[in-house]
Each structure stands twice: as C-alpha cells, then as structure tokens.
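Single chain ahead, by itself, as structure tokens, in the form predicted on its own.
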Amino acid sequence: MRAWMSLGAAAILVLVCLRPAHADADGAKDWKAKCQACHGPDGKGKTKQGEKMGIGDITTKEWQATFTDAKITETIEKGLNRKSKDGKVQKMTALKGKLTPEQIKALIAHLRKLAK
C-alpha cells in the first residue's frame, strides 16, 4: 500500500513539474512581449511603430464597446492586415500557435484593464 501511495505521489510530482509554467495569469508579461511595441504600455498606440501604422487607442470606451472578446481573440489568432481610417496599412502578426487560449484570455483581460 505504501509503495502505491509513493508511486502515486511521484507521478503527481512529475506531472506538476512537467506542466508548462505560466506565471502570466494577468497577461502583463505577454502584453509586454507581444503587444507593447505597437500598442504601447498603456494601450494608447503612441509608440513609434503604433503611430507609423495608425494604431488606435484601445483604452477608449468606444473601442472597448466595439471590440468583443471574440473579435479580439480572432484578431490575436489570425492577425490583421487592413488600412486604418487615415490610410495607413495596419499589419498585426498572427499569434495562433504561439499563445495558448489561456494566454489570449489573459491578454484580453489585461487590455480591458487598460481602459479603467
């Protein structure tokens, strides 16, 4: 009986150790790594690259109301290639396969907090 308990405890320990580490439950780390260069740390798009591409301010009530979580998820996964209102080309790299669904949800939660 003790042998089975020890074996079970060892198996659980191995599974916990092999589980992908994800310390970015709030999305801030992934935001900094994947989004901040264009959208800025505050989400206003006032970066060199953001202004070059005509990226809008995602912290406005209008943007937040217009873009559902499903639309944001689709954009993160598939990327973006369109002209902005001022005629600038907006290209966003597709991140499907580079971020887990949990990471995408955390990113969305993070960008929603930027509006507050």
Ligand code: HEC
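All residue numbers refer to positions in the sequence shown, first residue = 1. The shown structure was predicted, so the numbers you read here are calculated from the model rather than taken from an experiment.
The discussion below concerns the form predicted together with the named molecule, not included here.
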Original post:
Quick one: does Gln64 come within 4.5 Å of the named molecule in the predicted complex, counting heavy atoms only?
Top reply: no
**OP:** State yes or no: in the predicted complex, is some non-hydrogen atom of Thr60 no more than 4.5 angstroms from a non-hydrogen atom of the named molecule?
**Re:** no
**OP:** Determine whether any heavy atom of Gly54 comes within 4.5 Å of a heavy atom of the named molecule in the predicted complex, and answer yes or no.
**Re:** yes
Original post:
Would Ala106 count as a contact of the named molecule in the predicted complex, using a 4.5 angstroms cut-off between non-hydrogen atoms?
Top reply: no
**OP:** Just give me the residues of 58-91, first to last, that have a heavy atom within 4.5 Å of the named molecule in the predicted complex.
**Re:** Trp63, Phe67, Lys71, Ile72, Thr75, Ile76, Leu80, Arg82, Gln90, Lys91
